[in-house]
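Just one chain follows, in the form predicted alone, and it is written as structure tokens.
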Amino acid sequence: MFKGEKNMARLRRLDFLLIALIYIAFLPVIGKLKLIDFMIFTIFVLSFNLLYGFMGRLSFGHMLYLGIGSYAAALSSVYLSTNPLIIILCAITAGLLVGVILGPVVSRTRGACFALINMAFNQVGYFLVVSACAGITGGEDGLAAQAAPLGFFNLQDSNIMFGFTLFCLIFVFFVMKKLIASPYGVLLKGIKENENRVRFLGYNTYFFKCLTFCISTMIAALAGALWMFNFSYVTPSFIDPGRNVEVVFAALIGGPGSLYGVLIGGGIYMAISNYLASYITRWEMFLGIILLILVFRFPKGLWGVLADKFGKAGKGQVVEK
């Protein structure tokens, strides 16, 4: 067994513990509230990466599913219950319902059509929130909402919120890892490479695309609910179609098709958008330059570069099993 491959295998066995330790280690550097934002955004990128990185479907309307989760959580807390578990359940259910309704439509498309039809639905959702349903959603002013404490489970406490968000991130990462390693994950990669061949083998690719879309929308809705808990309000910015570029950039920076790349890309993008903007007015231009370099020089993203480097380092260095 190659030494580099052995190190990578060891990393995969300890990844859940490492994820927790890394985020805890950054607490004194970044701060609790910002780190919670980082983790929520990473969950959102994980949902996007399931479609883009593993199934090969680029969505320019993924903010819709984040916004659905945020507004479903806020509205359920105002009109239904302030129980945080019920709020989370309502948000995830709303994400599932949207996936079930839109999935059969968007799953019939591919390429630019898939990207643009998601953007179109995102624009419709934004219009409903800002104008058509402004009396319910608060329009441009947004909607204040809060979850009541459930015993010790008080999400208004930053320590509890940090721990719960970290748990959600690790849980989503675990579920995604199991899915990708299963035959279902192999089928997704086959759809990405050549859907016609997978269909020729007898698989109903349309069903699996719809299923994947629903899983992605539910995870994105969970991220939206967590953001509502963290800010105690929602605004149209949570569903703004113009913000779709954020999740696309994060996936490309870390490496599409890699769960570890999502962790890297989500963290780097949030660090750039939060800290670089304080020093450089046109920080988006800097981000664009980074993206161009990655796309043309490192198409696999930063995690792909690291994986290739460790893989090459292990070649020829055979160790005893």
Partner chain sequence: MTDQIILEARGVTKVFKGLTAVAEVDYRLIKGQVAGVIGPNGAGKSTFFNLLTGLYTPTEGKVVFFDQDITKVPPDQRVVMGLGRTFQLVSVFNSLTVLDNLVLSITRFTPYYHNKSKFFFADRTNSFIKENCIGAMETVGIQEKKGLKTSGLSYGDKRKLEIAMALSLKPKVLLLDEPFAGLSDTEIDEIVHLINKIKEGLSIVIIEHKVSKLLNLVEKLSVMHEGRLIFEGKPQDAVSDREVRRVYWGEKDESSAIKC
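Note that this is a predicted model, so its numbers are computed, not measured. Residue numbers count along the first chain shown, from 1.
Below: the form predicted in complex with the partner chain, not depicted.
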| property | result |
| --- | --- |
| The partner chain in the predicted bound form: contacting segment from 82-90, 102-110, 191-199, 232-240, heavy atom within 4.5 Å | 191-199 |
| Heavy atom within 4.5 Å of the partner chain in the predicted bound form - the one residue of Ala148, Ala132, Val186, Ala144 that qualifies | Val186 |
| One residue of Leu116, Leu179, Val245, Ile136 in contact with the partner chain, assessed in the predicted bound form (non-hydrogen atom, 4.5 angstroms) | Leu179 |
| In the predicted bound form, Phe153 touching the partner chain (heavy atom, 4.5 Å) | no |
| In the predicted bound form, Leu166 touching the partner chain (heavy atom, 4.5 Å) | no |
| Contact test in the predicted bound form: Leu128 vs the partner chain, heavy atoms, 4.5 Å | no |
| is_contact(Asn159, the partner chain) in the predicted bound form, heavy atom dist at most 4.5 Å | no |
